[in-house]
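Take a look at this single chain, the form predicted on its own, given in structure tokens.
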């Protein structure tokens, strides 16, 4: 067997969590990441017949049976993942009953996956139904995006339109827009179900006064998607109190989207 600590997916989790902590997006134990892995690749590093223990996941995820994920741990700090991945990360496989996770590696201190795992798995199911190549779900608390929640209407179209106006690249990076939820109790199946419903249409879902969920094909793509949303929110927060002399017009956003050939939400523009 190859050394699991040298597996690309473990190293990728280490680098990404460290980067998100450095940016101030994931204070204390805030934030969580799950990555759908290739079973054959994992088999190069772990004996897939060896299950350390099983953990209930809190709902039935039949469509994910047999799928393997690497997931950040409950109560764990992103800043510690790089130094101690075996305690702060875990590799799980969804059991045959669809209700339990089989721990294949990690959580060595007796811990378990993030309390938001149901929301992650529900989001994975939603995204995979739309795009089978989507493998990543990230939950994080980007500072400016969160601040924007308190001064902007929490509405899909209005929130999206404001962000599209902030940076020329925005409509090209997230042409489907942003889904927005009101404040909801985190760690529950209810917020997971609401997020998954939004994830059928959007790759970014705002959790009102909390943070956001982002999904994508790779860790880089998903991180870059969230990074772009956060940059746009930062520009909004820096300029919201100032007179607006210039803006990107809706006709110009349309021109951008059509030039880059992206499938954008035409109903989110006022043309």
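Residue numbers count along the first chain shown, from 1. Model, not experiment: these values are computed from the prediction.
One more form of this protein exists, namely the form predicted together with ligand 13P; it is left out here, but the text below deals with it.
Quiz item: Is there a heavy atom of residue 192 no more than 4.5 Å from a heavy atom of ligand 13P in the predicted bound form?
Solution: So residue 192 does not count as contacting ligand 13P.
Quiz item: Does residue 74 make contact with ligand 13P in the predicted bound form, using a 4.5 Å heavy atom cut-off?
Solution: Residue 74: yes, in contact with ligand 13P in the predicted bound form.
Quiz item: Counting only non-hydrogen atoms and a 4.5 angstroms cut-off, does residue 141 reach ligand 13P in the predicted bound form?
Solution: Residue 141: yes, in contact with ligand 13P in the predicted bound form.
Quiz item: Is there a non-hydrogen atom of residue 67 within 4.5 angstroms of a non-hydrogen atom of ligand 13P in the predicted bound form?
Solution: No, no contact at 4.5 Å.
Quiz item: Looking at 171-179, 79-87, 108-116, 149-157, which lies within 4.5 angstroms of ligand 13P in the predicted bound form, counting heavy atoms?
Solution: Stretch with heavy atoms near the partner: 108-116.
Quiz prompt | Partner-contacting position among 30, 224, 58, 43 - heavy atom within 4.5 Å of ligand 13P in the predicted bound form | solution = Checking each option against ligand 13P in the predicted bound form, the one that comes within 4.5 Å is 30.
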